[in-house]
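Shown next as structure tokens: one chain only, the form predicted on its own.
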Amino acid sequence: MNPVLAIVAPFLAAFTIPLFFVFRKRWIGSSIVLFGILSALLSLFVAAGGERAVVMGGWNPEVGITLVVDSLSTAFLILAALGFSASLSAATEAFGYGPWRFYVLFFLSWAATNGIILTGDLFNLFVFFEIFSVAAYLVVAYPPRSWQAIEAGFKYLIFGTVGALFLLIGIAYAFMATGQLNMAILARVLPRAPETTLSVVIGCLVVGLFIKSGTVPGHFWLPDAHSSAQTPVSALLSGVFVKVSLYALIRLTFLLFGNADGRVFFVLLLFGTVTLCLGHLMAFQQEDIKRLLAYSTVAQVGTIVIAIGCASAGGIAAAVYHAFNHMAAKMGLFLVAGVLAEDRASRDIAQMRGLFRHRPLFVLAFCLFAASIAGIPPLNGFMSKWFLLVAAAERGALIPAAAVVAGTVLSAAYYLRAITAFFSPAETEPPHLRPHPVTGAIVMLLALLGLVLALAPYIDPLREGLLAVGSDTSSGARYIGRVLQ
């Protein structure tokens, strides 16, 4: 199956939904559901279709638009399909089908996400990042009557624009130095560029992706955006959106930078450690349940950056594994937190006392997700952190490894504080207790996914898939050969 279909399907949805609004309003709900199913299925079919490279229009890779499906892009296509599907289902329950503009932006972001994952050249990477970012800014600011969401979206816009500027400068310098934009060709010619030019290219691209992913010091937009957005959007932001930039960081680091200048891995270890520590320390101080989860996401971004900085196949496998684990757990946590906050009409943890009596399944799911993301054995979060600790030990990165262990203790402490409140007796009954059957089903499926991921090291296809992602991505030889053969 041609990988362009994974991009075209959600783009088609984004441009078709307004036509349904104008000509067939009663079909909007059905079209949103059908386009969501189609986009997810095509993404999964492309991921299952095997590794290949397609140059659109029959051009040579030097001038054509190249789409590449390899083990790394396959993994993130699956992650995006699962995350967007879960968020879309939650959004239809929370918003209904009336706000059709929201779903236009939703499908635009989905199409751009798949484009970032599949593209094989730097310029189209930038183009897809811009489409993705514009849609993300507006999705965060939905609905426009919420001043907190508008402020968070504006802050996201400012930081995202700065990140895009750094990306564009890095891409421009790479093109001026080599005359190439195809990433497979750049992997061969970029190391021969002058050292100063190479440093500028690497520095600009890494800084841009740091800002886009919420890595310190470009993390200031993330807590506001994730906590102020509507619950389905918060889940999508944490579960998928930040992973897109981390995917690009993995791809560019090992394909372009690793052979050119190995010092970039030290930078990743340093900033990943700082991000992890700051995220956990800030989360420990939060009284707002969604801001606590948002700062926890900052810490988990740092964990994945540390795994990338280990500069090994094991580190990549740990990064991808933890990205999946974080997606499942953090989307579940945001969805549960949204339901509990609605029950109490407050996001203050102290106001959520006694909710176990009224929402036992949601509270128990929160406990499971929290234990997973904290890294409590034998859950899936522990498994991916163990992969990371092994990779860090092989690298000799003892301080980042110690930070990961300390972060596990801190995260267990601040999640335990929230869980204790849920089980404590309440002075008043919750004013809001409307049913959430769809959200409850999604939460149960995410919990099931987490349990399956916990068994990944013992399931041969999953274990071999993770090891293949690590070995193929760390060398880059198969990627280059597939594009240029």
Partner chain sequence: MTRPDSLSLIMIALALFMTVASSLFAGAKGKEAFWRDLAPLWLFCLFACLTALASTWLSFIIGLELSTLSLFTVIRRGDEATSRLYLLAQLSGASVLLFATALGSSFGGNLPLGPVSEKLFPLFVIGLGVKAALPGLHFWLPRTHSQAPTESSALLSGYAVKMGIYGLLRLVDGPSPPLLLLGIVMALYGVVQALLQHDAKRLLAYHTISQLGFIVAALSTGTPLGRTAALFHVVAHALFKGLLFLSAGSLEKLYGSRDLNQLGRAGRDAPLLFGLFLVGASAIAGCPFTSGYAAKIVIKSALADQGQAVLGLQLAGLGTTLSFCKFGCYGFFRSLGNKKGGSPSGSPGKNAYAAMGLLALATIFLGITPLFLPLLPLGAKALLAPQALVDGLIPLVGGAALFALFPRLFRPRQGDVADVENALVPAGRLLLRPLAFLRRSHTGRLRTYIALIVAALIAIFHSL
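Positions refer to the first chain, counted from 1. In this text the structure is predicted, and so the values were computed from the model without any measurement.
Only in words, not in the display: the form predicted in complex with the partner chain, which the text now covers.
Note on the partner interface in the predicted complex: the residue among Y247, F84, F362, F166 having a heavy atom within 4.5 angstroms of the partner chain is F166. Site annotation in the predicted complex: the residue of L72, V242, L79, I211 reaching within 4.5 Å of the partner chain with a heavy atom is I211. The candidate stretches are 447-455, 26-34, 418-426, 42-50, and the one lying within 4.5 Å of the partner chain in the predicted complex by heavy atoms is 418-426. When contacts are judged by a 4.5 Å heavy atom cut-off, T273 does not count as touching the partner chain in the predicted complex. For the chain shown alone, G218 is a contact residue for the partner chain in the predicted complex, at least one non-hydrogen atom being within 4.5 angstroms.
Taking the partner from the other structure, the partner chain in the predicted complex has no heavy atom within 4.5 Å of any heavy atom of S89. Although the partner is absent from this view, D348 stays clear of the partner chain in the predicted complex, with no non-hydrogen atom inside 4.5 angstroms. Contacts to the partner chain in the predicted complex (heavy atom within 4.5 Å) from stretch 377-406: P377, P378, F382, W386, F387, L389, V390, A391, A393, E394, L398, A401, A402, V405.
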